[in-house]
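To begin, one chain is listed below as structure tokens, in the form predicted alone.
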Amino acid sequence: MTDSAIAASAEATSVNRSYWRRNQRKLAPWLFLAPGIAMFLLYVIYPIVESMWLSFYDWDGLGAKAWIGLENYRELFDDDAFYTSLKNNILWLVLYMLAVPAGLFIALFLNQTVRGIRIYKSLFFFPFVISQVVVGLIFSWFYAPNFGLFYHLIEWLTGTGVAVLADDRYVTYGIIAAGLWPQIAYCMILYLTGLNNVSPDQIEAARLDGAKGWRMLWFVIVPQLRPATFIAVVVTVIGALRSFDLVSIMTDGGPYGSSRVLSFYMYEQALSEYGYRMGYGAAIAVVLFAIMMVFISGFIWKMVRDEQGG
């Protein structure tokens, strides 16, 4: 190799090294993020796009796909079962949000240094660590006619027992109550973590200004719990919209399809022995995803606006 070639190679290496040194602070974070971004694109973004694309086809999962355009969506919006599922999902969303304030108040109760508080924490934490399948079975026995505790309690109070899971008027409320049990525990854990980061200086200053009780909670403590509230609301909204396991375990969508939700109806149409309509199931999934994004995006926008205003 000639001297000029050696000099050119050394100069190129020097240029590359100097580029890395000049941009090391900018490039290093992206190198660390690259594996996570790649997996997110592969396992989250790609399936979402593929589901949207699949919703324009008629496909049984094995044979050839047939392009039908918006036909799945036209059928969906004329489907009574879809509207029943959508109504139940809205009911889940409204009632499931009770988990957030309930979790906050339980966390405030448990965030005290009193005798036996660890035992109380363990009891309230217990629902979060058990499986949703176990929760569904427990509440199925709880509501069971003739031997369920809830059935006997209602019978003792009113003289007539109520078979909650067999009555289309009450079945959705019964399943939501079962789902709230572990969801409240999850929100409680988030708020307990957030309460550990509440500034004692702000609380002391508020006390000197005469704040106490609800005023202390609303104007001093709750604003400092915004990160925990954000996570609690997002997780609760997602949990309400993907409420498949409890419905499947407790009623299998019955009685007469009255307890269906969108995620369960999607499963019925796409994957159950009565379905194998992948395109129609994908259309339901797209509608469910759109509803979820509306709620979560709205809450994120509100959080950002509040932060900028503050």
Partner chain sequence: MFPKPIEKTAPPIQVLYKVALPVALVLWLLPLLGVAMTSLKPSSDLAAGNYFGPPSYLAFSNYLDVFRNSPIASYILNSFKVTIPTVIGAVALSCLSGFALAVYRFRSNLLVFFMFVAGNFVPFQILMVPVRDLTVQTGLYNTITGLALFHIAFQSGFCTLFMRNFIRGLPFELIESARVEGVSEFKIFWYIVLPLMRPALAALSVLIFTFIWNDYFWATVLTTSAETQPVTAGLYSLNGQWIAQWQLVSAGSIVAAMPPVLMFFLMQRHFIAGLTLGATKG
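What we label the rigid core is the largest C-alpha set whose atoms superpose within 1.5 Å from one form to the other. Numbering follows the first chain given and starts at 1. Note that the coordinates shown come from a computational prediction; the quantities given were computed from them, not determined experimentally.
Below, we refer to the form predicted together with its partner chain, which is not included among the displayed structures.
- Ala285 near its partner chain in the model of the complex, any heavy atom under 4.5 Å? Ala285: yes, in contact with its partner chain in the model of the complex.
- With the cut-off set at 4.5 Å between non-hydrogen atoms, does Ile189 touch its partner chain in the model of the complex? Yes, Ile189 sits close enough to its partner chain in the model of the complex that at least one of its heavy atoms falls within 4.5 Å.
- Query: Is there any non-hydrogen atom of Thr160 lying within 4.5 Å of its partner chain in the model of the complex?
  - Reply: Thr160: no, not in contact with its partner chain in the model of the complex.
- Message: Even though the partner isn't displayed, in the model of the complex is Val171 close enough to its partner chain, meaning a heavy atom within 4.5 Å?
- Response: Flag for Val171 set to no.
- Pick from Leu93, Ile221, Leu86, Ile176: which residue has any heavy atom within 4.5 angstroms of its partner chain in the model of the complex? Contact with its partner chain in the model of the complex is made by Ile221 alone.
- Considering its partner chain in the model of the complex, which of Leu98, Ala81, Ala205, Leu149 comes within 4.5 Å of it through any heavy atom? After the contact test, the surviving option is Leu149.
- Item | Interface residues of 111-130 toward its partner chain, as seen in the model of the complex [heavy atoms, 4.5 Å] | Going through 111-130 in order - heavy atoms within 4.5 Å of its partner chain in the model of the complex - the hits are Asn111, Gln112, Thr113, Val114, Ile117, Tyr120, Ser122, Leu123, Phe124, Phe125, Phe126, Pro127, Phe128, Val129, Ile130.
- Does the distance between the two CA positions of Asp252 reach 2 Å or more between the shown form and the other one, the core being superposed? It does not reach a 2 Å shift.
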